[in-house]
Each structure stands twice: as C-alpha cells, then as structure tokens.
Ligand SMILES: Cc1cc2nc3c(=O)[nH]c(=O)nc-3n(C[C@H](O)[C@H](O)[C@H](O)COP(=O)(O)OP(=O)(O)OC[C@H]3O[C@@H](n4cnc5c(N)ncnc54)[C@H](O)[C@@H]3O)c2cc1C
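Taking the form predicted on its own, here's one chain by itself in structure tokens.
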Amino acid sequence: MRYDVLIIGGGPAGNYLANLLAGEMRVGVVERKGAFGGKACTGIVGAKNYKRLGFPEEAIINELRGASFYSRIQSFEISRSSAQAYMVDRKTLERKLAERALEKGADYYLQATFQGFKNGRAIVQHVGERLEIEADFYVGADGANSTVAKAIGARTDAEFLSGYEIEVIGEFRRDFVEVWVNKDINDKFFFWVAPLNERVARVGTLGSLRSLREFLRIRRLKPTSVLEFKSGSVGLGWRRAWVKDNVALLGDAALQIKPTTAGGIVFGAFCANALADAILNGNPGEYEKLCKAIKRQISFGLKFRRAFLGMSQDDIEKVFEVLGSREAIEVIESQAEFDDHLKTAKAILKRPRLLARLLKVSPSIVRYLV
C-alpha cells in the first residue's frame, strides 16, 4: 500500500485535511477507534467560521446568540440578535467529513493503531494484522498525546489538564451559553454550561472531578440526572516543530488549541487548510508560516492564561466589574468575534477608561495582554 499522504488520526482535523486532499492526491487515513466521535468535546464553533470552513450543516445541534458570565457574586450578559456560535455533534461532524473524503477516493483504516515508523514506512496494527504503509508524506492528527509527535521527537512545552464533561437534565436558556468563574472551587479553569436545548446541556470544566461536583451543587443540577459522562485531557502550550522532514503534526497533536477555552476544532481546520496548500504546492516547509495567524492566537491565549492563573477571586470580581460595565458590553457586542479572542482584547484595551480601570485591578494583567 502506498499513498501520497497518510493521515494518522480521523478526528475533525484529520478528516478535514483528508477532504481537502482527496481527489487531488492518493490519501489514506488511519483511525484508532472503530467509529467516529466518542471524545469529550463540548463542540462550540463560531458561526462565521463554521460557514467559512464549509463544515456540514447536519452536525449543528443548536444555535447560540449570547453568553451569560457569572463570578462568585455578580454577572453580566453579552447578546446578539443572530446566532454567533453553533453547538455541534462531534460524531456527526467527523463522520460527514470522512464521508466527503471517501467519496473523493480516500482510503480509511478503522480500528488501526499506529505503532511507529520503520524504514520510512508507518507500522500499523489493523484488525489483528500488521501493515506497513508507505507514503510520501505523513500527518499526525492523533490528539494531544500524539504517538506521531513522540515518534519524530517533537518537543512539548505545555500544561496538561484533565477535562470532565456531562450531559445533564435541567432548565436552560436554549440560545445562551453560561461561563462561571469561581476560583474558590476551581483555580485552574472556568465552568461551562452549553445547552443542547431547554432541557439538556453539556456541563464541564478542566481540573478536578471534585470541582465539577461542587459546581453542580451551586448550579442546582442533580448528579442523578446525568445522561452521559466523558473525560479526557487537553494540552495548552506549544509542541515544536509542526513539521519535520516528511512528517507534519496537525490539530490537537500540534497543540493547535485555544488556551482560553481549550477548543481546537477551528484552529485545527484552519491549519489543515494551510497544510493542504503547502503539500499541494510541493513545499510542506511553508506550513508553519501559513499558520502564523493561529500561532498569534495561541500566543495571546497563553498570556491570557498566565494572567488568569495569577489572579485571585477578588481580582476576578474586579475584572467582572469592568467587563460588566455598559461601555465594555457595547464594545464586546459590537466588535468581538467568537473565535478571535485577541481581537476582543484589543478592542477593550483601546478604550482609555476601560484600560485605566483594568490597570487599577492589576498592571500585570494588562502587561500580559498587550
């Protein structure tokens, strides 16, 4: 078996890349699982980018037009008249992208475990059979704990966190996501409540399972009303290099993840576009350069995270006072983009009064963000 490109990992990024390359090149995809989906994933994607990337409409579960933010003692709301983000079914997204790639001629190997490289070939265990698959170019899209990254000796400088998410019965505003920041019960990350409809939501956090249990109590959600429980891990940081010789890393395998929210679908898809262009143009070494906008977003997100980790809950309350002001809400509602947190921060910091108020909270916060 020989391919122009062998993609190791059939998640959103790997399947999206397969769809971009299939029909132009001989493409094979190796996926460890026997079916698509299954990973803990809230699946919130900005509506603008969802359409721009051409993701399948069949995967959309719900439309979100706003967000409610809660600290320990206060709250504020950001809203728009139209949908700003979509709740997505991860399994349907992966499967539909794979179907597109298959229709264009890609080959898929499910229940196939990548074991390493030998003599320029990928060694794969596929349904009890050992395969040696040769390709001109290999792509590791096999998640944050990437076996491909280890095989090429990629260096990792990242913070790895455990994530927990449930689907639970309750009462929710269908078109508003909730973001709760309370460092008294979780000093590592925020909590999210992302509704699928008025009665069911995905609720989760990064950090500890104990903190999620405490949040359920505060949010008055019954742990005995859980429909589904998933857990996993996420890496926030850098993995270098994204390309080495004839092997590239993509998506979570390259840690193309938002440090602000731990979402990776959009960043992975944009970098898949960059990688596809680089491969088709015969110059894969240009891949990282073509992803410079995503790298800027990751760099900003890591600064934001350092600022968050250095703040107390009292600092959080003061920041909420600033962001909950009428001026800040007007800026966010008029200029913010769901997947571009750097643009949102710049818009806020360009307002002298907002900047001055944030400097009073902590000069280090502003220093991190500018």
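One rule holds for the numbers: they count along the sequence shown, beginning at 1. What you see is a predicted model; the values in this text were computed from it and never measured.
Omitted here: the form predicted together with the named molecule. The next part is about that form.
Among the residues Ser75, Ser79, Thr147, Ser299, the one placing a heavy atom within 4.5 Å of the named molecule in the model of the complex is Thr147. The named molecule is not shown here, but in the model of the complex it comes within 4.5 Å of a heavy atom of Thr42. The named molecule in the model of the complex comes within 4.5 Å of a heavy atom belonging to Arg32.
Taking the partner from the other structure, the named molecule in the model of the complex has no heavy atom within 4.5 Å of any heavy atom of Ala248. In the model of the complex, at least one heavy atom of Ala141 sits within 4.5 Å of a heavy atom of the named molecule. Only one segment in the set 213 to 221, 286 to 294, 237 to 245, 163 to 171 has any non-hydrogen atom within 4.5 angstroms of the named molecule in the model of the complex, and it is 163 to 171. Residues from 1 to 22 that approach the named molecule in the model of the complex with a non-hydrogen atom closer than or equal to 4.5 Å are Ile8, Gly9, Gly10, Gly11, Pro12, Ala13, Gly14, in the order they occur in the chain.
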